[in-house]
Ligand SMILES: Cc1ncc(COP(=O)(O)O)c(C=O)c1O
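To begin, one chain is listed below as structure tokens, in the form predicted alone.
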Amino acid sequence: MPTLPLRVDRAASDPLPAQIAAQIRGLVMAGTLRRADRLPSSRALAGDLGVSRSVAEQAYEQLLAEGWLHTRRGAGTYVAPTALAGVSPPPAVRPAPSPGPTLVRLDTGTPWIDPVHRAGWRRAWREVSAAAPPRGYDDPRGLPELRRALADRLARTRGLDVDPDEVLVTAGTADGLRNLLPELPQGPVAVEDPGYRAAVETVRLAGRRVVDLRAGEPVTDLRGCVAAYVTPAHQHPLGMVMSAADRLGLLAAAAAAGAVVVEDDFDSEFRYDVAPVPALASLDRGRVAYLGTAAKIVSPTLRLGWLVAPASLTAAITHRRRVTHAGAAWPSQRALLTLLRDGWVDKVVRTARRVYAERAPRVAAALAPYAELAGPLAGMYSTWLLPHADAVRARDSARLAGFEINLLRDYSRSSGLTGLVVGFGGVTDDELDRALDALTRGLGQ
């Protein structure tokens, strides 16, 4: 009987019988062991591996119980005839290509967090470690204290007067949209074009058709759509602000179509030319579902956001979250509560706003000779219109220098707009200067 290519690791956390069973199971799945092949006796296997016979017997007993092996009285242990019934042989595995060098991303979603604020971040997580978590699944709406803090913040910074019970804590903006879509009637969803790629994919994954809304143009007709996903305070990614007349026109079109307006208010606190524009939801709470996020003010990795849905949908969304155990992670919620309570978020926003206000003109000075600014300077990125070939040349030049820059075409569907989307939040000043040098070298070719 040939020796099986098995090994045991006594330093591993898995028990020895489990290690042996997993390796034999893998040999059967890979086709190395075939139907009716005989295995070594438990005594022989134990001797080959240097383990006790009881360890080998436990491994065989597990595989017998799972149906991978069977025994013949007095004849030994074999691969079961039905072990691979209905299982296709695994495809040949090719070595993965070696990853290239890690690029510094100048994206639209990574905020600037001044190192002076690290102590507050650490303090928040120390509080999480000392706090007692819920005994079971917590409130599907989110941590009550956090919902109160978010309601206070929405009233103070966005002019949105809401009750804490109307605030649902989500695992980010896309998760808020996933919460909302099942409660809407069947039908397509209109999304700005160019627009937020995660929203487009979320709508499609929900089995709904995406209807393109030309970004920056008035919305006068939503007939046939059940919802319209928009970014009125700072259009993503072009950057313009939806005018008061266009806001009222959008709400009128939604009312005529019986549609819900989904407002993604992703970075409204980072205007540095004028005061933040009030939330669209403040004009019509019964028609607008409001989405906010901690990604731009704290960190994308926190994976937290909030949804304030029309009252007619809130109960149904909460019920679905309860029965599916869909909710944001309690430790992240608890940390954000501390960061809000201690004023850490306000400090970070003020610091970041000053940094963005200084960096945005530097980006503009570098790129204005080659491209047209798509919208007003605001937030943590700016978008530049130019021919696609020029944008690709600049992007490739930046890559050679170690930076990743987004192309506007990647945000566009039917609009045909091309250019560059240049983030300047999640980088240092030195990295930004080097990235701009690389971009202008590519554009100057």
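One-based numbering along the sequence shown. Note that the coordinates shown come from a computational prediction; the quantities given were computed from them, not determined experimentally.
Heads up, the form predicted in complex with the named molecule isn't pictured, but that's what we're talking about next.
Stretch-level contact check against the named molecule in the model of the complex with heavy atoms at 4.5 Å: of 139-147, 202-210, 254-262, 103-111, the positive one is 103-111. Put simply, of Arg320, Lys347, Arg341, Arg303 only one has a heavy atom within 4.5 Å of the named molecule in the model of the complex, and it is Arg303. For the residues Ala295, Ala371, Ala80, Val162, the 4.5 Å heavy atom test against the named molecule in the model of the complex is passed only by Ala295. Though the partner is left out of this view, Tyr196 does reach within 4.5 Å of the named molecule in the model of the complex, counting heavy atoms only.
When the named molecule is considered in the model of the complex, Gly216 lies well away from it, no heavy atom lying within 4.5 Å. At a distance threshold of 4.5 angstroms between non-hydrogen atoms, Ala174 is in contact with the named molecule in the model of the complex. Interface residue remark: Phe266 is counted as part of the site for the named molecule in the model of the complex, having a heavy atom within 4.5 Å.
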